[in-house]
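Only one chain is shown below, in structure tokens, and it's the form predicted alone.
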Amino acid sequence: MATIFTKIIEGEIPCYKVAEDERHIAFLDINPVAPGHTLVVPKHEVSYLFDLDDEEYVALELFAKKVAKGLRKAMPCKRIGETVIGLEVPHAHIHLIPITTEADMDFRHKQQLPGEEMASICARIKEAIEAE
């Protein structure tokens, strides 16, 4: 059965997409731990990140690096934190989170932002990525 991420990739479920190439997609987390929290996902559905073959894994990380550079320009933060949890959705993915302190990576404090704020954040990140 297709995961929610596969449904997003296939356009069945809308998302705030910030970047995409032929093999990957990056979109805002709908329950972010910080504004700008972005998910980076391979289009090829694999349940566990470390089950990707070496080439797929490296390609995903390089795509995440590109997204992180744009994210850092678009959002006020000191760094972009990266984490892999992968328990909620059985589809390999990386979390990129704008952070100023380590506490900003606390997944116990998820937020819901208004749609217009999500759209504005998405546009800023997309523009910053495209300017790279």
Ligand code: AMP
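Just so we're clear, the structure is a prediction, and the values are computed from it rather than from any experiment. Start at 1 and count along the sequence shown; that's the residue number.
Omitted from view is the form predicted together with the named molecule, to which the following refers.
**Q** For the chain shown here without its partner, which stretch in 98 to 106, 68 to 76, 25 to 33, 51 to 59 has non-hydrogen atoms within 4.5 angstroms of the named molecule in the predicted complex?
**A** Result of the contact check: 25 to 33.
**Q** Look at the candidate spot formed by G86, V89 and H93 and say whether the named molecule comes within 4.5 Å of a heavy atom in all three of them in the predicted complex.
**A** Yes, each of G86, V89 and H93 comes within 4.5 Å of the named molecule in the predicted complex.
**Q** Quick check on I8: any heavy atom within 4.5 Å of the named molecule in the predicted complex?
**A** Contact with the named molecule, yes.
**Q** Would A128 show up as a contact with the named molecule in the predicted complex if we use heavy atoms at 4.5 Å?
**A** Flag for A128 set to no.
**Q** Spell out, yes or no, whether the shortest heavy atom distance between K110 and the named molecule in the predicted complex is within 4.5 Å.
**A** K110: contacts the named molecule in the predicted complex.
**Q** Quick one: does L39 come within 4.5 Å of the named molecule in the predicted complex, counting heavy atoms only?
**A** It does: once the named molecule is placed as it appears in the predicted complex, L39 has a heavy atom within 4.5 Å of it.
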